[in-house]
Structure formats: C-alpha cells, structure tokens
Ligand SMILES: Cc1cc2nc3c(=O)[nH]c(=O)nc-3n(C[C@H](O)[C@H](O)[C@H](O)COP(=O)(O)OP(=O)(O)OC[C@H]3O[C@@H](n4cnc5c(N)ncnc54)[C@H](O)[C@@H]3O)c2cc1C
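There is one chain below, alone, in structure tokens, taken in the form predicted alone.
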Amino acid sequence: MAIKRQLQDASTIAIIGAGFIGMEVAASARSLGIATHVMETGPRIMSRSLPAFLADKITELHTSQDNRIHCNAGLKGFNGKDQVTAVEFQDGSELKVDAVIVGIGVTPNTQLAETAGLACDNGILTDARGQTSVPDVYAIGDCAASYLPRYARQQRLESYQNANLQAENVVANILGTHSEYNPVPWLWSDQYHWQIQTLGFPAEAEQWLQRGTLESDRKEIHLGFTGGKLNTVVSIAEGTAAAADVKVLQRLIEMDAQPDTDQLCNPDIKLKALLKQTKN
C-alpha cells in the first residue's frame, strides 16, 4: 500500500535489485507511465534465479517497454532530507527520483529459534516432515531451511505455493500421517502482459532445450536438464498461455519421467499425450 501511494504522484523512480520482485515492481510502475530505473549491482538481472540466456530475454522484454536497467551499478547512497530525492553513485553523479524501492532479498530472522535451541543455518533447519532439531517443534515458510529429498539438501523456498503446501504437510504430520514434503518448486511472475513461470532451480541446469516460440505460439517453454534428466522449466508466455503446459511438466518431473526429447520439444505434440504415455 505504501508503494502504491508513492507511485500515484511519482514521475521517476529507482528500484534497487533486479530479482523477480524488483522486475515485477518495475513492470507495474512502467505500465503506469512512470520513468523507471532498475539498479543492479551485479552484471545482469535475476542472477540467482535464471541462467544468463533467459535473463537476457527478460531484459529484452523490459527494454522494449522503455524500462531502463543499469547493471554493475556503483551505488553510494540516497540523498534527500525528509524523503529520497536522488540516488547517488560512487562516481559522484546523481539520478533525480521521486521514490526509491529496495528489493534485494531477505535474511531469515532466526533469533527466536536460536534462543529456543533450534538448529539454524540460513534458516531454521527441519527434516522433510518439517520437524526441527527440537521434538514437537516444526517450522514452515520462508524461514524454514527444510530437507528436500528430491534435491538431497536443505533449502529455503520463498514462495506462496511453498508456504501453503508446507503448512498442509506439517499439519498432517502433527496429526500422525508421516509424510515427507518433496515438492518441485514452482513460482510465477506477471510482468507487463507476460507471465513467467519456473519449476525447480533453473540456474542449476546443465543443458537447455526449447518448446515453441513467443512469435508463433504466444509462449515458449525452456526445458532444463541435469545429467540428461528433465528437472527444471522456465516458461515465458502472453498471459496464462503456458499455464496448462507447466502443470503437466510439473507432473512429469514429479514422476521422474523422461519423455522423448524430440516429442517434448515439438509444440504440435500435446504434453498431456506424453503424460498419458508415461502413466501407461
């Protein structure tokens, strides 16, 4: 709500951080006609979440809307008395702005958990059932570094989907149903009239194949493989054009299925048909 109020009268803004949150806000602000500058201290946008070639595609989508992206930005600080009036760079130059929005990620607040004696390491450590190192104490959501059997590691997942599904799993375990939480992480991001969806951990894939194109199919789906195994997906689509396909691909990854790659990349072959083949 505070951001919305700031944008009502702003003509120029700066966004610090070019992750999913920063780029979403940039798209919203630019759609309102605001001159938008995204400041990223790294060499490219979305470096933690997407491989370079996909980040470049998202950059092109934004620059086509006149969003200005500044990578390797040497930021020094903000100027202004009662409110920010400029971003100052290390070379002494300034960018006059009406507001600054900072979206540089989160650090989990584990102080209470540590005081209570729970094991923590970039989050509250839990097993695949949500159980912490202290009996009958569970942790869920962005603060929980849970063990993910599918990926054989502790991982914090910062998404709406995870907060809901993890809660359901913990409740089931408290009630005596011993089930492991083993998701294929999914998130979506609406930017302008495009929707970006990801499955798994795209930045970790070793090889990529592509299904369809935005120009001919209103969607393109990038399929990521590690060790020859499909385990991550990134879709870029007009609106929700790729939503059904992503759901099917999520099921295929959950089932550990390995469809023929030629069929997988052929947009004329329905993904549901590949799912049926796998089930049979």
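These numbers come from a predicted model, not from an experiment. Each residue number is its position in the shown sequence, starting from 1.
As for the form predicted in complex with this ligand, it is not shown, yet the points below apply to it.
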| query | finding |
| --- | --- |
| Contacting member of W188, Y192, F78, W208, with respect to this ligand in the predicted complex [4.5 Å, heavy atom] | W188 |
| Sole residue of A73, A99, I140, L148 within 4.5 Å of this ligand in the predicted complex, by heavy atom | I140 |
| Exercise: L112 in contact with this ligand in the predicted complex, heavy atom 4.5 Å | yes |
| Contact test in the predicted complex: E168 vs this ligand, heavy atoms, 4.5 Å | no |
| I21 within 4.5 Å of this ligand in the predicted complex, heavy atoms | yes |
| Contact label in the predicted complex: A128 to this ligand, heavy atom within 4.5 Å | no |
| Partner-facing stretch of 196-204, 173-181, 90-98, 159-167, counted where any non-hydrogen atom is within 4.5 angstroms of this ligand in the predicted complex | 159-167 |
| Residues within stretch 66-88 having a non-hydrogen atom within 4.5 Å of this ligand in the predicted complex | none |
